[in-house]
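A single chain comes next, written as C-alpha cells; it is the form predicted alone.
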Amino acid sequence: MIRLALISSSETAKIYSGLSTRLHRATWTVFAPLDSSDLSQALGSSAKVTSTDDLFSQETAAFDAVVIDADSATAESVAKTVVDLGKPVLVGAISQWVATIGEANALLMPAHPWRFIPSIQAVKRSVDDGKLGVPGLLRIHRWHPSSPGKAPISERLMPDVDLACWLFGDTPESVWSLQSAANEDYLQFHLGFTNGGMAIIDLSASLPSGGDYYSLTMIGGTGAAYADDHHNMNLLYSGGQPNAIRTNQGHIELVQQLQEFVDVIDGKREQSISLADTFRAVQVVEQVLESANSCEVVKREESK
C-alpha cells in the first residue's frame, strides 16, 4: 500500500478525499494545507499538519510519496524539498525550474491531468491507431467565465499547448498569436507543425457567469475525432415537476493520473508523461506569448 501525502488548499483536498476509494494500492495518510481554512473535512480521517514545514520535519515517516496541487511558485519550493528527501512526487504547475534539479534520487512526475480525460484519450488512440490518417487540423476552444482569481495566462495556456504537441507527436515549427486589443482575456493562437498540420486554439476568460465550454476536434486525412465537456442531462421524474440532472465524470482524470503515479512507484508500468513533455509545452507557451506581444510569427530556432 502506497501512503500518500497531499499538499494543496483545503478546498482542493476535499476533491482528492472523494477519490480515495477509487484508488488501488494507495491511501491518503497526511495532509498539509496551503491555507488556514477549517481542516476538519479536508481529507477525511488522514493526519493533518499545520504547514508543509511541519510535514517535512515531523511526519516524513507517515508517507511514501507526495502529491502537490499548488501554484507554480509553491510547487517549485515544495517539490525541491520532496526530491531532496528522496520520495516520489506528483506535481503540477512546474516549469523550467525542474531542469535545475539535475539527476533526482526519486521519481518526479509532472501532472498533466488533461491527458487523462477519457474523451481526449479516445481521440489520441484514434490518432495513434492510424484511424484518422495523417493529422491535419486540430481545433480547440476553451472558454471560461470571467473570474478575479483566474490563473496566470501561461498556466491557462499550458493544457492545450501540451495537448497539441502530444496529438501531433511533435514540436511546432512556427507559432502565431492574435490577442484582441478590446478584450485582453481572449487569445487565439496557431501552431504549425512540420508535417503541414496546424492547431488553431482559442482561449477566453470573459464569458458571462455560469457554465464554461470546451471542445477539441482532430481532423486527419481519412477521418476526424471529437471530444468535448458537454454533460448529458438525465430526466428524473418522481411526481410533480420533472427535474434534469447534469451528469459528470467525477474527476476521473485525477483518478487515472493518481493511479498511474501509484503504478509507476510500484513498478507496474512506465510513466506516460515525461519532464521533457512539460519543458516542450513551457517553451511553446513562451512563444505564444512572445508572438502575442510582437504580433509576429515566432519560429523554432532550428527552423529559422
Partner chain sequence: MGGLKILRCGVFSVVKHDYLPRAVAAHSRFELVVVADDADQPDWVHERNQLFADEFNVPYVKNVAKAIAEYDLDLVAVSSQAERHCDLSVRAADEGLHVIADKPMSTCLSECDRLVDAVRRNDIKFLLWNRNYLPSVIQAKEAIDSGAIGGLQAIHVDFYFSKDAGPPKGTRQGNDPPIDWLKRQIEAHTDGSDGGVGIEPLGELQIEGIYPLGYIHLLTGENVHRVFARTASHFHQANVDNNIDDLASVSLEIGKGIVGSLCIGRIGAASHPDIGEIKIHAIGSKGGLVITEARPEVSIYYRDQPPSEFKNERIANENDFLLMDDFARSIDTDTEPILNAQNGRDIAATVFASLESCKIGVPVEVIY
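Numbering follows the first chain given and starts at 1. This structure is a prediction, so every number in the text was calculated from the model and none was measured.
From this point on, the text means the form predicted in complex with its partner chain, which you will not see here.
K.L.:
Given that the partner is absent here, state which listed stretch (153-161, 68-76, 112-120, 130-138) has heavy atoms within 4.5 Å of its partner chain in the model of the complex.
P.N.:
Among the candidates, contact is made by 130-138.
K.L.:
Within 4.5 Å of its partner chain in the model of the complex, heavy atoms considered, which of V83, L167, L191, V91?
P.N.:
Going through each option in turn, the one that passes is L191.
K.L.:
Is P148 part of the interface with its partner chain in the model of the complex - any heavy atom within 4.5 Å?
P.N.:
Because no heavy atom of P148 falls inside 4.5 Å of its partner chain in the model of the complex, the answer is no.
K.L.:
Can you check whether V297 is within 4.5 Å of its partner chain in the model of the complex, heavy atom basis?
P.N.:
Heavy-atom contact with its partner chain at 4.5 Å: present for V297.
K.L.:
So in the model of the complex, is its partner chain close enough to N234 to count as touching (4.5 Å, heavy atoms)?
P.N.:
So N234 does not count as contacting its partner chain.
K.L.:
Indicate whether A106 is a 4.5 Å heavy atom neighbour of its partner chain in the model of the complex.
P.N.:
Answer no; every heavy atom of A106 is more than 4.5 Å from its partner chain in the model of the complex.
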